[in-house]
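One chain comes next, on its own, written out as structure tokens in the form predicted alone.
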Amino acid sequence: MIPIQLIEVSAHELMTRAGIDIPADYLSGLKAMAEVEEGDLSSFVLRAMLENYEAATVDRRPMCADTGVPRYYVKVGNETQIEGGFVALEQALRSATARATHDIPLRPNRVQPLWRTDYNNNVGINAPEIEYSFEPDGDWIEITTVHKGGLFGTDYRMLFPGDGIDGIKRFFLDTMITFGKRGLACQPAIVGVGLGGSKDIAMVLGKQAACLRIVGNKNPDPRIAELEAELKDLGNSIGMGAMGFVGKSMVVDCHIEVGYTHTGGMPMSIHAFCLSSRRATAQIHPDGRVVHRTDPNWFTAYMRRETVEWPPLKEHSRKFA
């Protein structure tokens, strides 16, 4: 059984790591863009951000003054037992968020939408968000914290089957241009695209694609991976660079996730993460071991399964290979 105190301590540590330390994959992607960026102002912004990331790690301060809105993604093994159950788990995550807001510190961005009530700790009704997924076997729990901006960098459109790939590209370009011209996202960023599902699932998939896959990770479907590369190139070809200045540094990487949808539609969402790509993951074991990493590994083969049975029947695998 996993002790609840260990979960709270680990969640607090995750909040600290996500708020201060840039993941290595994103940092490498940003450095690669800085080497080829030709726009004067875009180059200046990229160099300044790289220096800021280094200073944040050395000084143990948040990498950005706006620390976004903390949220959690929790993956649970099928054999996992948690002291106090899931109610205790959620209380521990909320407590860790409140303490981390004071300790790191994080900016207390969460307010009640109508009365603007603020408890100064990023905790409230439906805050922080906690999303779950499950895995066969395993007696561990994985917690990923993401600090993502809560206002802009997101769009949605209901496409139709007849729009096809060209319609996807058109909406993607429209959105990237709008983000850049109106200052609705902090570029360059990892951009996530959600295709299919219902409207709410398309939005969820797009955000998860942006926040829970690392730079260089490709969708296992080669045709989707090809489209990811095409959209990345398109996003970097519109003449905009870092923070919307002239350049070619809009998209560090593009990730697409799909869900089976209604036969008459093709919902699509687009999410830009942030120039400060804030995420951290810990796998917690019942023997007290805690393994930290920056790759959430959220989209597993089980999560992307198409079959009724798990593991898939061999007949199904041959049929759809």
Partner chain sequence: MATTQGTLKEVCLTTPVDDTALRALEIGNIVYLDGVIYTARERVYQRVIGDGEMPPEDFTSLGNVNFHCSPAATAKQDGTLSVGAVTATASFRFSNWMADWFRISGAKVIIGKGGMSGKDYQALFVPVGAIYLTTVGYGTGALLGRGIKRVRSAHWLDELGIAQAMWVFEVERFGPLLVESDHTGQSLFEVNNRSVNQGLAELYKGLKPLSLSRYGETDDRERELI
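Numbering follows the first chain given and starts at 1. Fair warning: this is a prediction, and the values are worked out from it, not measured in the lab.
Although it is not shown, the form predicted together with the partner chain is what the next lines describe.
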The partner chain contact in the predicted bound form: Pro62, any heavy atom under 4.5 Å: yes
The partner chain contact at Ala48 in the predicted bound form, heavy atom, 4.5 Å: yes
Proximity of Leu30 to the partner chain in the predicted bound form, heavy atoms at 4.5 Å: no
Residue contact check: Asn52 to the partner chain in the predicted bound form, 4.5 Å heavy atom: yes
The single option of Gly167, Gly84, Gly138, Gly197 touching the partner chain in the predicted bound form, heavy atom within 4.5 Å: Gly167
Single option in Gly192, Pro128, Gly153, Gly244 placed near the partner chain in the predicted bound form, where near means a heavy atom within 4.5 Å: Gly244
Interface stretch in the predicted bound form with the partner chain - options 217-225, 157-165, 128-136, 74-82, non-hydrogen atom within 4.5 Å: 157-165
Residues Leu6, Glu13 and Arg94 all lining the partner chain in the predicted bound form, heavy atom within 4.5 Å: no
Stretch 184-210 - residues with a heavy atom within 4.5 Å of the partner chain in the predicted bound form: Leu184, Cys186, Gln187
Distance trend in the predicted bound form - C-alpha atoms of Asn52 and Arg182, change of 3 Å or more: closer
In the predicted bound form, whether the C-alpha atoms of Arg182 and Arg157 sit closer or farther than here (change of 3 Å or more): farther
